[in-house]
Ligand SMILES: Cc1cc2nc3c(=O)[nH]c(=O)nc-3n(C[C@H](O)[C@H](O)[C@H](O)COP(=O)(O)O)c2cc1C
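Listed next as structure tokens is one chain, alone, in the form predicted alone.
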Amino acid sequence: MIDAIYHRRSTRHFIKKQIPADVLEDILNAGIKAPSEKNQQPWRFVVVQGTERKNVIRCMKEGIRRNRAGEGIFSKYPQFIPSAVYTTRVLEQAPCIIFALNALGYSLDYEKDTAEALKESSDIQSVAAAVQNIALAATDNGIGSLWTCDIYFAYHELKAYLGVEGEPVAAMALGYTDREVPATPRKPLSDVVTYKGEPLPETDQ
């Protein structure tokens, strides 16, 4: 799995080749092995394949249209719309789309207090850990993936379409690719890690 961590890539080109059902099940099983706050396992997944993918694209296009019209969640950030349009094209290619939801999440219309906001943050972290496991398991099986949160452009449309209890957190496009995806640059550890204290001295066992 360490090898998968170093070789995982964000894939944006997929070929027309279906993922075998047993491989997809293995990938999903890897997702539910993720750690979660107090082992609540708040994740729920909706797997969309075949002609049903057209409904996902329909939702995305409608959400993007509403944002352009100033009615969507991200209507104040029009600079992000081209990215959402591009992501929609990627989703349209992918033979499989997995939606990850937080079953314990609150509606966007609900005003959370501090404790509720912190609880939801913990649950979203748990869902994110499951999504990461899915991406790594896909890599381990020679399958490309794209983790995207552009689904928030069509939050209400997709939530209604998915019809599953919970709040959408992210989508994962999965599929085989015939293109090599280069690694993207990463900041050095010196830029992102702060050490406090000294390591304990080694002792003879």
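This is a predicted model, so every value here is computed, not measured. So that there is no doubt, residue numbering starts at 1 and follows the sequence shown.
From this point on, the text means the form predicted in complex with the named molecule, which you will not see here.
**Q** How about residue 147 - does it come within 4.5 Å of the named molecule in the predicted complex, if we only consider non-hydrogen atoms?
**A** Taking the distances in the predicted complex, the answer for residue 147 is yes, it comes within 4.5 Å of the named molecule.
**Q** How about residue 10: is it within 4.5 Å of the named molecule in the predicted complex, going by heavy atoms?
**A** Residue-level check for residue 10: yes, a contact with the named molecule.
**Q** I'd like to know if residue 87 sits close to the named molecule in the predicted complex, meaning any non-hydrogen atom pair within 4.5 angstroms.
**A** Residue-level check for residue 87: yes, a contact with the named molecule.
**Q** Check residue 184 for me: does it contact the named molecule in the predicted complex (non-hydrogen atoms, 4.5 angstroms)?
**A** Yes.
**Q** Please pick out the stretch from 147-155, 23-31, 38-46, 61-69 that is in contact with the named molecule in the predicted complex, where contact means heavy atoms within 4.5 Å.
**A** In short, 147-155.
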